[in-house]
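The data below hold one chain only, encoded as structure tokens and taken in the form predicted alone.
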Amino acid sequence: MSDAVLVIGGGPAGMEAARSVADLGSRVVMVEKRDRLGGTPDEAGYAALTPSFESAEEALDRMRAGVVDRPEVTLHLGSTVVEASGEAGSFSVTLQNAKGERVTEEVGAVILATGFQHFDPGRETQMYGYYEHEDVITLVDAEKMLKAHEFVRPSTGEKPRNVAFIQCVGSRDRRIGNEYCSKVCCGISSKQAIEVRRLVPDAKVYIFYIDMRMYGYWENQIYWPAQEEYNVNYIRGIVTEVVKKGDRLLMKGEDTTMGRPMEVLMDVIVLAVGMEPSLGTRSIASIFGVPQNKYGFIEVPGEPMDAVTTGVSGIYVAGAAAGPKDLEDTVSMAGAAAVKAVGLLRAKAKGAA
């Protein structure tokens, strides 16, 4: 039997889980496919967190400090899990690095924190012209510009006069099978709309939505301030097509509140892309034999009262590997998974004594 917990994934969920396990006095083996910790917020270049507007880089640095250089944590960067066997209390896991070198770790419990990937808006439909029009971008593209403290038209480098956000791109869409709400997109769009107005005060910013979904305190933290302090315009409507008109973008659709067709010219269109299970999540579920739900996320049979225990004893999940989550959910799940993993190890050790 092993007294170590394997944490797979080095994003916010993985770092919080590893820190919590170490704080509880157990050993941690941590595996991250990239050569640095930080996960999607780091890889995608997030500028500021929603809804606090705190620097993402500073927040991630704090989380890294809770993991690196700790004697309880063995860190494998640039590595992936390629094989696994065993059962709760005694798993044998083979890791492989970029050079093809393999090492086997013996662990008693596993926490899956393999995260999500952003929906590719050009994969299923070209209705928004993401690959066709340079000034059609995603929330991720916008975030990178905001991190550089600029927001311009990619095609010209000029400041935009009119900016539109289109919600629910790759979420709440039965045609492509993503029937779920990705939870954070409305809030992130509102946060980014505020940031755009701060950087380009003369720009008019619009958010086109089906329904605005704000969770917890987000309504007062970002939704109302976006409208009342930054004059962001929220329009309930459906966008059906984006075409080029001169050097600008013509959005066609329907204003569903007024019940009439809509055609408006924009300089930049930002697609609020949703969450999908990452390739790592799908792969790791197969390796460990962990059931997935019909969308490909890790299935959690005990929800809502148990949000982290998977269908395989000794294996837990944290963060967006289990479905769309905000950072608060992600970090909370990581702590809960750590407690359950360490509790399992101690129960096994007590039973073996």
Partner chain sequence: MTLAPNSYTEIPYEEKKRLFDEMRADPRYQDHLYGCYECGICVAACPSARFYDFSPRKIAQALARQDVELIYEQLNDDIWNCSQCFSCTRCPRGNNPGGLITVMREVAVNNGLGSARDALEGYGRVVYKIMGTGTQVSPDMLQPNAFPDWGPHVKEISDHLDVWRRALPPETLHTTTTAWQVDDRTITELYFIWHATGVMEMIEEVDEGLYEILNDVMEDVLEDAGFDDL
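What you see is a predicted model, and the numbers here were worked out from it, not measured in a lab. Residue numbers count along the first chain shown, from 1.
Absent from the display: the form predicted together with its partner chain. The rest refers to it.
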In the predicted complex, the one of 130, 180, 206, 91 near its partner chain [non-hydrogen atom within 4.5 angstroms]: 206
Of 85, 74, 231, 97, the one that lies within 4.5 Å of its partner chain in the predicted complex (heavy atoms): 231
Interface membership of residue 200, its partner chain in the predicted complex, 4.5 Å heavy atom rule: no
Residue 215, heavy atom within 4.5 angstroms of its partner chain in the predicted complex: no
Residue 262: touches its partner chain in the predicted complex, heavy atom cutoff 4.5 angstroms: yes
Proximity of residue 257 to its partner chain in the predicted complex, heavy atoms at 4.5 Å: yes
Option from 97-105, 279-287, 265-273, 141-149 whose residues, in the predicted complex, bring a heavy atom within 4.5 Å of its partner chain: 265-273
Residues within stretch 219-233 having a non-hydrogen atom within 4.5 Å of its partner chain in the predicted complex: 219, 223, 224, 227, 228, 231, 233
